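Below sits a lone chain in C-alpha cells, taken as the form predicted on its own.
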C-alpha cells in the first residue's frame, strides 16, 4: 500500500457518491425525509443495532400512508436466504403481504447444478495492479448499455502529496453485493432482493422508483434511470437490446427505476466472466465462488492483504480488495 493509500482514504473516496445519492433522492415524488430515516434504520438492521421486526413495526403504518397499494399488495418485508427476518407474530400485524424471499426470487434464480451446489459469487480487486485506466468502466457501459450518467463500474481517484512527491490512489467500485444489504431492507415492495447465488438484484417490473435504496447503500453504488438515452443506439422501433433487463429496452420500460451492477449476471449464466473482469488490462479483477474454499477468489479473500470497505457497518460484502 503506497503513501496515502490507507483504508480511511479509500473509504473517503466514496463520500462524493453518497452526496450524489442524496441529490437524486431530493427529486423523488415520495417523502425525502422518510427515505432518509428508513435508509438510516436499514443500515442499523445490517449492523445488528435494530431487528427487522422493529424496523417494519416502526414503518408499517407510514409505508401504507406513503405507498398505498404498492406496499400492501407486494411481498415484504425484506427476508434473508433461509427464512423471514421477522417473526410470524410480527408478520401477522403488518399491512403488507409478508413472504419468504425464495418465493420472490423463484423465477429469477439460476437452476441448481447437478451437485446442487449454488455458487456465492464474489469479486476480488488487486489495487496494486489497478492502473486507473477505466477499461472496466468502458466495458461495463458497452455491455449493459446504461443510460447517460449511469456507470455501474467507476474508478475513483485521489491524489496525495505535493509535486514532485505525488502519489495517486485508484479504487474501482462496482456493487459490493452485500450479504446484509440495507438496500434490500429499505425497499418497501421487495423490488430489490438477494438471489441464492449471493447477487443483489432488482425486479424492474416491480420497482416504482422511490429511490430510498440509493441513500441506504453505504457505498453509493445505486443509480436512477431518468429516461435519458443515446439516441443513435436505438433501432427504427425505438428499442435497444440490454442484457440486464432480459429484453429490449424502451424508454417506457426502465424510466423511473433504480439501477445497479449485478456482476453481469447474464454472462455468469453463460459461464462467462463479467465484462469488467474480462477486459481488465492489468489483470486486477478476479471473479469466482466464495463458497468454494479452493477457488482462487476464496484464497485471495483470505490473504493478509485483503480488506473490505466499511466492515463495521455489518453489510458483509462479497467484494474484496487487496492492498
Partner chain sequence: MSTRSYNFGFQDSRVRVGWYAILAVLLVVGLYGLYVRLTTGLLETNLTAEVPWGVWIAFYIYFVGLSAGAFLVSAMANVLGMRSLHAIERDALFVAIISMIVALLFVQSDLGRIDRSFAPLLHRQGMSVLSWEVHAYAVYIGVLTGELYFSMRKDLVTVSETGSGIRAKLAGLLTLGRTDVSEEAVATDRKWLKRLGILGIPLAIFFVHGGTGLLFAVNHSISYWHTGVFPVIFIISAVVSGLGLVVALYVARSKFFGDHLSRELLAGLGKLLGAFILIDIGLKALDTLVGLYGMSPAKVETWYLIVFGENAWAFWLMVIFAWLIPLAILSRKRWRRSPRMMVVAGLSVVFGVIGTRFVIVVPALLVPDMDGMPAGVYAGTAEEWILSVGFIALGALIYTVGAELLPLKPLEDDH
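On a predicted model such as this, the values are computed, not experimentally measured, just so you know. Residue numbers count along the first chain shown, from 1.
Below, we turn to the form predicted in complex with its partner chain, even though it does not appear here.
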| task | Tell me the stretch among 177-185, 138-146, 122-130, 86-94 that has any heavy atom within 4.5 angstroms of its partner chain in the predicted bound form. | result | 177-185
| said: Please determine whether each residue of 204, 208 and 312 possesses a non-hydrogen atom within 4.5 angstroms of its partner chain in the predicted bound form. | reply: yes
| query | Taking 4.5 angstroms as the cut-off for heavy atoms, does residue 161 touch its partner chain in the predicted bound form? | reply | no
| Partner contact for residue 152 in the predicted bound form: its partner chain, 4.5 angstroms, heavy atom | no
| task | Decide whether residue 224 counts as a contact residue for its partner chain in the predicted bound form under a heavy atom distance cut-off of 4.5 Å. | result | yes
| said: residue 198 versus its partner chain, in the predicted bound form: is there a non-hydrogen atom within 4.5 Å? | reply: no
| Residues within 4.5 Å of its partner chain in the predicted bound form, restricted to 211-226 and counted by heavy atom | 211, 212, 214, 215, 216, 217, 218, 219, 220, 222, 223, 224, 226
